[in-house]
Ligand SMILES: NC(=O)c1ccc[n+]([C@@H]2O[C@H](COP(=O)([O-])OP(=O)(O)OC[C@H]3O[C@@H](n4cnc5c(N)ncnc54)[C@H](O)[C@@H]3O)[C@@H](O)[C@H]2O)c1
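Single chain ahead, written as structure tokens, the form predicted on its own.
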Amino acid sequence: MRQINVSIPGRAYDIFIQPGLLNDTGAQMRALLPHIAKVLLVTDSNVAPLYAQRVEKSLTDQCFAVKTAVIAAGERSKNAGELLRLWNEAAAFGMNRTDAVVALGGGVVGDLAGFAAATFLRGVPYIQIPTTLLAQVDSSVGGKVAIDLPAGKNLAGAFWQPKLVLIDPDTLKTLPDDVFSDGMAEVIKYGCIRSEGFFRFLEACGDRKSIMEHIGHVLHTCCAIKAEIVEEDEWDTGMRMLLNFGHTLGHAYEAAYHYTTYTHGQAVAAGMVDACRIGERLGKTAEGTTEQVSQLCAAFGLPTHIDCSKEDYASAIGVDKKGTGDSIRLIVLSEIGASQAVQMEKSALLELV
């Protein structure tokens, strides 16, 4: 078993990475949270048929009472209506503040269930069990939970750290290639912003088969980088913004196509390439970086450009959480493995996209 501790004072928790860990969910939770009686298990329509019964059995074997709530798979479930439904499910189940929410699924499930946990009874414990590559390396760690609004992605949310993150790499075996590729965008991001060595390792792997042969190393490296950044900047006011490399423009692509044509990872991949291109034009990014990032994204089946109108760019930039007034901080690479936030006027960024 690989273990990473996220050392946030008063809110520290462990990330465990081990094949077959789903079967140990109940024992892990009982050891950590001995007083919990009830568990609201939140999952989606894709994951439930694969893994819900196994997790339910693990929990009931440890004498937890379990209620399972299944949402429709996809970004469109991350909305206020589904959040209200989870609050009502928890209330009908008779949950109190010592009971827990468990998120079993990808990023949508984790964000939605985490926000429900953060707000029901002003906050109940929750546990992340991510089942997609994207969720395992990124969204399950760090305590950002949210829903989308018509105006933009993740605009209503909270910081609510999980009590535990359980990562079972075996769940990746059931992912379709496009969903695995989606997660590789966030994997590549970590090499881009923090570790040239990891970036070169990903280049050497070059495909899903090779990544899976080293999946423990990949998951541990990404989670360790994120944990280190979150420990330094839990509230996303400084260094943590570097984790949004590719996301400012990526969110524009997602919204422009109504969250149906391009996945989050696909949009982030194109956003990373475009951020590198802008960085090179500004003289902030080493020449040739764009091509390196573009080639690695393409190797894993990710788009390197997505058409977008000025209006869609302006809409996304206008609600970007890294913006203040008329200015915004765009995350760019200095070079592979090193990143920085560049402050600029929003109007100037719109001239560069």
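Residue numbers here begin at 1 and follow the sequence given. Just so we're clear, the structure is a prediction, and the values are computed from it rather than from any experiment.
Unshown form predicted together with the named molecule; subsequent notes refer to it.
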Pick from Ala227, Leu175, Met241, Leu202: which residue has any heavy atom within 4.5 angstroms of the named molecule in the model of the complex? Leu175
Only one of Pro125, Gly279, Gly107, Gly191 has a non-hydrogen atom within 4.5 angstroms of the named molecule in the model of the complex; which is it? Gly107
Given a 4.5 Å cut-off on heavy atoms, tell me which of 153-161, 83-91, 116-124, 231-239 is the interface stretch with the named molecule in the model of the complex. 153-161
So in the model of the complex, does Ser195 come within 4.5 Å of the named molecule, heavy atom to heavy atom? no
How about Tyr51: is it within 4.5 Å of the named molecule in the model of the complex, going by heavy atoms? yes
Is the gap between Asp44 and the named molecule in the model of the complex 4.5 Å or less for some heavy atom pair? yes
So in the model of the complex, does Thr248 come within 4.5 Å of the named molecule, heavy atom to heavy atom? no
Looking in the model of the complex, is the named molecule within 4.5 angstroms of a heavy atom from every one of Leu134, Thr171 and Asp182? yes
Taking the named molecule in the model of the complex and a 4.5 Å non-hydrogen atom cutoff, the residues of 60-78 making contact are Ala73, Gly74, Glu75, Lys78
